[in-house]
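One chain is shown next in structure tokens, namely the form predicted on its own.
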Amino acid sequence: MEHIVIIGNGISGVTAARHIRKLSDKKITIISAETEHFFSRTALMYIYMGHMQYEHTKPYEDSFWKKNRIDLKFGLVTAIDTEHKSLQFENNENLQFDKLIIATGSISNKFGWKGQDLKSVIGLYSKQDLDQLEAIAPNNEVCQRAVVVGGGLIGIELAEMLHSRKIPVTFLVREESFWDVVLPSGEAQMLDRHIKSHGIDLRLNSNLGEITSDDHGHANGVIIAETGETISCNLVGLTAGVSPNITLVKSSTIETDRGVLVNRYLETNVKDVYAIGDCAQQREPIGNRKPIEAVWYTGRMMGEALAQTICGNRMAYNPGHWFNSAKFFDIEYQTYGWVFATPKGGNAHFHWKHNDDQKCITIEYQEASNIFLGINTFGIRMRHEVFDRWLTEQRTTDYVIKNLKEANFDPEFYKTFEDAIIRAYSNQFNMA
């Protein structure tokens, strides 16, 4: 019986396993050195905030795996021998495979800062990171201040988590505004104000210089590069993005760049070896997408596509229109299609913000044709399937604005500012 071995039990690896099982009777083994069972990584913050327990983050009962004949192996793979189709483990055990799926996910970035490997310096990606955070920052008596370094989605999550336990947080963001490499300035500046309104000590244009240590090897402060200011703290969170976790792969015959290099079918340069999820890097990026996509739903889609290929129906990874969502304290964010921080050549932005400074939209469109290319929404929940359809149909921005009510999750709620959006758009474009 053909043996499919999957390294990594995150969303990509587990989706691949589930779909291979639906389609075949192949022997399947999932290996992880992080946790015994699959859990929802996006829910880690809610465990710390007391909204749920670890058990609640497991989408499947522990009995699910045996019932579906998916073997789970808890252990650390230290070498991949592609010639003999064998994996070596830390305890010197070996495991043979017929086909191998690498789904090893990401690791938190470190940029060679002095003190980055001290105790009480953590990332926020793994279950182990969460356990460490719980030990270092159980309350504001043990952890009197935390410093979070890096203004992206993980940084804002960690700031919110610590804030939920009333631990004072200094948030170092090297850009002029929070996440302004991704968001247009109007949105980024609105989020700056929102973050500060929650009592977070947001420091913009501020780089980490070094992390200082006490006599026991624990971080006890940071020095800001630009000013030399020292901020005392008991915890440093390094949240300046993530990178593919490919240390294991680099010593094998499998080709890597920043990630494990794959084609559109998620195949590596080695026959019967594949890579999916955060650790995979497309040799040829798809449309405007980045070659590496550390996003939950793309990992799931890769797992589904690869399962088809492995079961004899060769299928390319085709993620469709870009979308994503997040939450910044009280403000929900959704994006559909492409809205860049600065419009691409030949494109322009329409931006509208509500007076309450917690709701806004930005639309990117082609200036010559008025074709709608994408929308960011903050504080207004929209329907994915509607925007997906409009992007496919290449609707004009005039059409989207006139029909925005159709895309809104809560039409009654939307009515309260629909007129304001249409009025602002009409004023900008003299739309009848």
Partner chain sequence: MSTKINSSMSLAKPDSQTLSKTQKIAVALGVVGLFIMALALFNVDFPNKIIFLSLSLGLITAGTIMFSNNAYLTKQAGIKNDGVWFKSIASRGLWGWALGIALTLFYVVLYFKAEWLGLAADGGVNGGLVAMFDPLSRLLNGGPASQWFVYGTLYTVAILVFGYKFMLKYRHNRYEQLRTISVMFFQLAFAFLIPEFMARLNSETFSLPYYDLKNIWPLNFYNFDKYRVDSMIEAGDIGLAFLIFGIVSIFVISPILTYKYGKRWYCSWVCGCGGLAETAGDPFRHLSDKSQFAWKVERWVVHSVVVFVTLMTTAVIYSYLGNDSSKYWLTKDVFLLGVAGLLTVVFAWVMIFKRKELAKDAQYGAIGYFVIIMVLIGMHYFSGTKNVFLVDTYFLKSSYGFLIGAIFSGVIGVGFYPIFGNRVWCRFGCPMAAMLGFQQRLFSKFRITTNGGQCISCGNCSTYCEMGIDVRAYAQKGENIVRSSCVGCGICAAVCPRGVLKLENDSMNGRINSNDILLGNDVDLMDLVNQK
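All values derive from a computational prediction rather than experimental measurement. Whichever C-alpha set is largest while still superposing within 1.5 Å between the two forms counts as the rigid core. Positions refer to the first chain, counted from 1.
Below: the form predicted in complex with the partner chain, not depicted.
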Within 4.5 Å of the partner chain in the model of the complex by heavy atoms, the stretch out of 208-216, 279-287, 301-309, 103-111 is 301-309
In this chain shown alone, the residue from Ile363, Val400, Met382, Ala33 with a heavy atom within 4.5 Å of the partner chain in the model of the complex is Met382
Students should find that, of Phe74, Phe340, Tyr265, Phe323, the residue having a non-hydrogen atom no more than 4.5 angstroms from the partner chain in the model of the complex is Phe323
**Study point:** Thr57 within 4.5 Å of the partner chain in the model of the complex, heavy atoms
**Key:** yes
| query | Wondering, does Ser126 line up within 4.5 Å of the partner chain in the model of the complex on heavy atoms? | reply | no
**OP:** Evaluate Ala348 for contact with the partner chain in the model of the complex, applying a 4.5 angstroms cut-off between non-hydrogen atoms, and reply yes or no.
**Re:** no
message: Would you classify Ile70 as touching the partner chain in the model of the complex, given a 4.5 Å non-hydrogen atom cut-off?
response: no
Those residues of 30-57 with a non-hydrogen atom no more than 4.5 Å from the partner chain in the model of the complex are Ser40, Thr42, Ala43, Tyr46, Ile47, Tyr48, Met49, Gly50, His51, Met52, Gln53, His56, Thr57
**Message:** Once both forms sit on the same rigid core, is the C-alpha displacement of Asp25 at or above 2 Å between the shown form and the other one?
**Reply:** no
Taking the shown form as reference, the Cα pair Thr416 and Val386 shifts by 3 Å or more in the model of the complex and sits closer
With a difference of at least 3 Å, the CA distance of Pro411 and Trp390 in the model of the complex shows the atoms farther
